[in-house]
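Before any questions on binding or motion, here is one chain by itself as structure tokens, the form predicted on its own.
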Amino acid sequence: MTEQIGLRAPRKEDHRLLVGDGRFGADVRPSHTVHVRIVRSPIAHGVVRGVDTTEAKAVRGVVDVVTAADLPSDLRIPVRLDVGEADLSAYLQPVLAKETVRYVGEPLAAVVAESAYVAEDAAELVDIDIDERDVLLDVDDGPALVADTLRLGFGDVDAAFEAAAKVVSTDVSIGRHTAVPMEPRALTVDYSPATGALDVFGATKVPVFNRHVLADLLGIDQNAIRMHAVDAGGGFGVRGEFYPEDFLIPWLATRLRRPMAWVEDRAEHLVAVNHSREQRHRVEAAFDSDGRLLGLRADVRHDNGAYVRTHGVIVPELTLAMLPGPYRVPAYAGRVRVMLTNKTPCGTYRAPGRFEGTTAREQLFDKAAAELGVDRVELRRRNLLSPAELPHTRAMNTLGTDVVLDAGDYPGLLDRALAKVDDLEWRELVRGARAAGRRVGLGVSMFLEKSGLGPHDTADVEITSTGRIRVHSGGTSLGQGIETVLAQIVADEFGVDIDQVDVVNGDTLLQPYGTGSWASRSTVVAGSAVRGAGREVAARMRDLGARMLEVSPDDVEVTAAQVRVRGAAMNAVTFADVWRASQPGSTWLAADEPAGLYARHRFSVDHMTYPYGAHVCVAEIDPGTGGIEVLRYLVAYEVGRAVNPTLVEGQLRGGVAQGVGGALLERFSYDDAGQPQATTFMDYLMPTASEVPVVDLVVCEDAPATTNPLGVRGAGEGGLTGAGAAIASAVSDALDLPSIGELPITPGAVIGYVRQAASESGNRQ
């Protein structure tokens, strides 16, 4: 049987999605379902004088209207990913605002009606009286409230800078943006009055954690709640966290003893779902006379918006932890201040902290290369950790684990990327374009990713009555193809094709211990758990099958849906035969032997694994309009082992598309009163097929991870991590500037840079 790991197998989930058999949150509609519309604050900051629901309640078809006064108590949504020691409880978001509103879009009330249309119309009639207050929208306009200050580092940084032959510094700002999946969030809750049980559909990402939070807030047993992670039109980090609606909709179902549904519209999504990215970085590097790093400093201001949400302060913490990247940094000091403003609260968005920090560090390298008079690629190569220096321990801790860069060949990957660029003749392309008078630049960035965050995940594998293999995983399917990958992993334990494997993800009744799909961890951690469970079941099948065949277990093999004697394929029993032999009452079972062919395996890991890569691109600017076109794009990425190369490539290409958006287009802006200026796709610009170039890839499997039995490194975010840095590098090269100070790079900014360059050129003359 062909080994399934490494095959470009088609996605198991695609058939049901392509023929319309997918089941999304809004597809689940129990009979007598009522619909919820959230009433949101139209004011960015103010004191709530009153919320009058009288007129809304009078609308025909309205079932209920609730405000904070109706809630059980002053409920706050807890942090899911806690780092550091700061007490963030004062900054947690309430379910409904009671006395103060802190951003436009903050939930104030909920209207329940027999139809979604009636609920929306009635919501317009809720009268909100808010005494408007001054807003803070820029962390530099202070005094901003600092929720937390984090520091990470190692070595004697002051001594490094004192000994430096050259110190280079730069400021890099990243704009505020977020994920905009095709399908906005949706929740349907079915309530059983007889038992008080809740079935929640739509909690796709971390259903086990959300069940825990919901049970605590409702004051009921977790076993009364069953979360179903249904299909989802993309997640990218923002979907599936515990938001105010994740309490409100189930609570309303219990209050009214009826099924309840809520579907977010696009305008809501843009002001309600987690924002991310907005940070300002002051970064400095100390070099010796040979251009080798002696030390690195970073001072970051993180605009967290109005509240600390479920991710806590993980994004700014990851910025600091990953900022040294794949380089040899003898001494490092990083500080980040988490500051609160009157904007939508923040959380993670694909490659959180790494997109931002990588952009800042790589722009610093570009500027340093210019000031040191060293080629920008050569400066990077000179400072990359060599294979002989790995594993490399950095004397700091992030996400509860020591930072140990396990294995790899960073200079080798850079060389492979550049060799591919030469094969594609990109340098000739740039030279030719410039000779023709065009403003074309070549950009490069190196990056370090992290993945495989534990501490554990759990999977169940069982053989069913027809001999099929069934997997219950804690992972969830957000579009990344996890069903296919897990099927490939377990199929190899049984020597079968993935068509014989059924993967059920994200059902908390079937898998109550899953940790969810986030942070590029599912293949690494959940995949290792599935492998372990599959291996245990296969061993039991060998044992039981050997009894049936009356041979030693060492003489049988499990393959092709059979347990058979090695070298005598005709002497075999099918998986279904073995299943029947495992049932209670079977003569093949010992007296005290458990029935069934089933195993639960928990995989634990102490350290993350660190994928790495390079982005190279060619960009052209139009000095007249300020427009930027990315002409060519390459990602070279080390994944350790590609379970499904096609899915790895898809992840990388999708990441690049989002990187183009973050680098050139996407930004939430506000007017002086804190009113969002991007509430539709007319204002919030997304990259389309016209803006995203063909992406060339070099997927490397040269450095299998040492932290898991599969040897895999995560692939979910590497297409995005280095994109902002590489595009900024190409634009600065096209502009003949040492670096770019702000993303997204707008047409107005390009024109400003052109004028600045012309002025500096005139002054030099």
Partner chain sequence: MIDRHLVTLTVNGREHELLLESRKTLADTLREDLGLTGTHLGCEHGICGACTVLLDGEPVRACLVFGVQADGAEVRTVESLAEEGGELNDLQQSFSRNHGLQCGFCTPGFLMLAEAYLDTDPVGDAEEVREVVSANLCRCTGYQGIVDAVVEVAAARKEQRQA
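Worth saying up front: this structure is predicted, and the values here are computed from it rather than measured. Numbering follows the first chain given and starts at 1.
Beyond what is shown, the protein has a form predicted in complex with its partner chain; the following relates to that form.
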For the three residues T178, M182 and L647, verify that every one has a non-hydrogen atom within 4.5 Å of its partner chain in the predicted bound form; reply yes or no. yes
Would you mind picking out the stretch of 573 to 581, 370 to 378, 599 to 607, 262 to 270 that comes within 4.5 angstroms of its partner chain in the predicted bound form, counting non-hydrogen atoms? 262 to 270
Note: exactly one of P78, G654, G454, G291 sits with a heavy atom within 4.5 Å of its partner chain in the predicted bound form, namely G654
Which residue, V503, V618, L478, L187, is the contact with its partner chain in the predicted bound form, using a 4.5 Å heavy atom cutoff? L478
Non-hydrogen atom contact M686 with its partner chain in the predicted bound form at 4.5 angstroms: yes
When the contact criterion is heavy atoms within 4.5 Å, does P676 count as touching its partner chain in the predicted bound form? no
Any chance D121 has a heavy atom within 4.5 Å of its partner chain in the predicted bound form? yes
Is S690 part of the interface with its partner chain in the predicted bound form - any heavy atom within 4.5 Å? yes
Within 4.5 Å of its partner chain in the predicted bound form, counting any non-hydrogen atom, which residues from 312 to 333 show up? none
